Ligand code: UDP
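Here you get one chain, nothing else, as structure tokens; it is the form predicted alone.
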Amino acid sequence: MRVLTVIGNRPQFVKAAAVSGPLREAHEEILLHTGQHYDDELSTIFVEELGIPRPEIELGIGGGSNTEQTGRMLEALGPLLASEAPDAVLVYGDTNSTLAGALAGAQAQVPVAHVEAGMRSGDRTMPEELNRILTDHASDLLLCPSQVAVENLAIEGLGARAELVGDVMVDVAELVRPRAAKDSGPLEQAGVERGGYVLATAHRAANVDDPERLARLAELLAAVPDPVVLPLHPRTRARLEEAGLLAGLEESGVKLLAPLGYPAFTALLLGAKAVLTDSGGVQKEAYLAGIPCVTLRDTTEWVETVDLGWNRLVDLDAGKALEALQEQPSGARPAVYGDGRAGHHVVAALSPLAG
């Protein structure tokens, strides 16, 4: 079986680390990097540190609006599907690359499988939510990370295509966590002590592209009494510089870092007292690591983390964020995202697509 895997950003590199190994043991994989994540250094970090095969195809498509970017990806993917003639297209998550891969596959009448299907935040103003919904409806096989995701698809009439495989991020987290827990290097680089800082990430367009919300984000981070460690997404750094907010963050004591590889980020996560983030993936990573999370959004697709008390949604309300950072979860943290073998379950589910 010949599978074309489409990836384009940080989380998709990490997820591919769980699937590409077992997939290549059983089938032929062509790994395609759209270039949506345009930071080559960061992409290379994931290839080298997680053992992901280097992409066989790189499109170099980044920048522009969501519509422009998705359109250029579709234009490039159409001829590639014709020349590569895959038996299936595999996509991950909720990015423009995900949607473009799914639409191109569906239009070429190649079966499409969506890893992380069925996730819903209920906020259709988010580009990621539209990408998730459209990708699920264009796909033939919906590979779900949780029972809630399966139920979401059933509500939309897609239950017959859904299969519960667990979350591939659990596979990667369980592989990386023991080594990361022993690595004090990232903490020393940031100048912080274990359990004495808050780890923060911010990159959502709704938070960093709107000047008013970006200013509120900077004020919130500066108000946290504990040291804040902020690995800066390239896009976030650019927006902060354009708004003249970067120097103020540094002066307030926020420790700004360059983008990190997954093991280094995990080391910082495991050493933090709490996490502040607008990333869906980091919310889940915090849950898996047993670190309290405060989410700088008012909705989340990872509803289990909220329902179980490990995640608080505060949007950009600094008062609520500071209050949430003082709270402790109840302690119950069931394995709602699978058994750590999701990559193998994905490959087993894909095999029937070969016909």
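One-based numbering along the sequence shown. Source: prediction; values computed, not measured.
Absent from the display: the form predicted in complex with the ligand. The rest refers to it.
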- Item | Contact flag, Gly271 vs the ligand in the model of the complex, heavy atom cut 4.5 Å | no
- Contact between Asn131 and the ligand in the model of the complex at 4.5 Å, heavy atoms? no
- Answer for Ala162 alone: is it within 4.5 Å of the ligand in the model of the complex, judged on heavy atom distances? no
- Is Arg120 one of the residues lying within 4.5 Å of the ligand in the model of the complex, judged by heavy atom distances? no
- Task: Using a 4.5 Å heavy atom cut-off, indicate which stretch of 179-187, 153-161, 196-204, 136-144 touches the ligand in the model of the complex.
- Result: 196-204
- Select from the listed residues Ala88, Val208, Leu260, Val228 the one whose heavy atoms reach within 4.5 Å of the ligand in the model of the complex. Leu260
- Query: Looking at Pro111, Gly281, Gly166, Pro127, which is the one with a non-hydrogen atom within 4.5 Å of the ligand in the model of the complex?
  - Reply: Gly281
- Message: Could you pull out the residues of 9-32 that have any heavy atom within 4.5 Å of the ligand in the model of the complex?
- Response: Arg10, Pro11, Val14
